[in-house]
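The chain below stands alone, shown as structure tokens; this is the form predicted alone.
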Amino acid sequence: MAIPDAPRTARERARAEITTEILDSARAHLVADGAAALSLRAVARDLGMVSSAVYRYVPNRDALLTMLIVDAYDSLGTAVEKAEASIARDDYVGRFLATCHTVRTWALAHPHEYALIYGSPVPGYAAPQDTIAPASRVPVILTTIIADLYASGAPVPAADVPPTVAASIAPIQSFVDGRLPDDLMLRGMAAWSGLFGAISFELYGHLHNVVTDSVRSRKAYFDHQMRQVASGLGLAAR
């Protein structure tokens, strides 16, 4: 029988509440001023706190950015994992499209958080190791769908890959313990780029005068593009 977690102390609850308030204020400044202008002093003013008090919860601006980045990746990852898990395991196209549409829906609802994690790097900020696992959640889902397809015995595209290229993707092959042929993994990486490229084009106005500017048209266009990507991956093979 599992032992329930001990109730948090009043001090721990207070710290969690203040940290939440700090993040809420930081998100508001992210919308109003952008990531590069994020300031702990401004957050402290919002909360009616002196700067020294805020530093007890967040040591510096970079730590605050990291908290926002991790929170954004986790928010996106949770939404995608829930949507993908609701689709039958042998419906590879359905799992892929659920993933793609959920990423797009989240991005349109959280454009500033999307820009923080998939837009231009913040000057002077270097993401720490803490961001790697949260950032991997969506790519892991995508590679898992492809790995499941391959493990099912379905016919999938295959081509020779130059040794230098194969060696270059060793880090991402570790996500699936090398269970995917290099060519299929490369196709998966192209799909990953295509997914976020399509969303970024839409979010940052690059589809203006290219695709009709209506909710229905944009969604239909995106769905068609992602179905083409799925076809290229061989996800409709069975």
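Computed from a predicted model, the values in this text were never measured in an experiment. So that there is no doubt, residue numbering starts at 1 and follows the sequence shown. In this text, the rigid core denotes the largest set of C-alpha atoms whose superposition between the two forms falls within 1.5 Å.
A second form of this protein, the form predicted together with the DNA, is not displayed here; the remarks below concern that form.
Exactly one of 210, 32, 50, 170 has a non-hydrogen atom within 4.5 Å of the DNA in the model of the complex; which residue is it?
By the 4.5 Å heavy-atom cutoff, the listed residue in contact is 50.
Contact residue in the model of the complex, from 185, 69, 198, 40 (heavy atom within 4.5 Å of the DNA):
Checked against the cut-off, the match is 40.
Non-hydrogen atoms within 4.5 angstroms of the DNA in the model of the complex: do 9, 18 and 57 all have one?
Yes: 9, 18 and 57 each sit within 4.5 Å of the DNA in the model of the complex.
Is residue 179 part of the interface with the DNA in the model of the complex - any heavy atom within 4.5 Å?
Heavy-atom contact with the DNA at 4.5 Å: absent for residue 179.
Is residue 206 part of the interface with the DNA in the model of the complex - any heavy atom within 4.5 Å?
Residue-level check for residue 206: no, no contact with the DNA.
At the 4.5 Å heavy atom threshold, is residue 45 in contact with the DNA in the model of the complex?
Residue 45: contacts the DNA in the model of the complex.
Can you say which of 170-178, 60-68, 185-193, 198-206 gets within 4.5 Å of the DNA in the model of the complex, counting heavy atoms only?
Of the options, only 60-68 has residues within 4.5 Å of the partner.
Residues in 136-152 with any heavy atom within 4.5 Å of the DNA in the model of the complex
None of them.
Core-aligned C-alpha movement of residue 223 between the shown form and the other one, 2 Å or more
No; that C-alpha moves by less than 2 Å between the shown form and the other one.
If the two forms are fitted on the core, does residue 53 show a Cα displacement reaching 2 angstroms between the shown form and the other one?
After core superposition, the C-alpha of residue 53 moves 2 Å or more between the shown form and the other one.
Comparing against this form, do residue 33 and residue 213 have their CA atoms pulled together or pushed apart in the model of the complex? The difference is 3 Å or more.
Relative to the shown form, the pair is closer.
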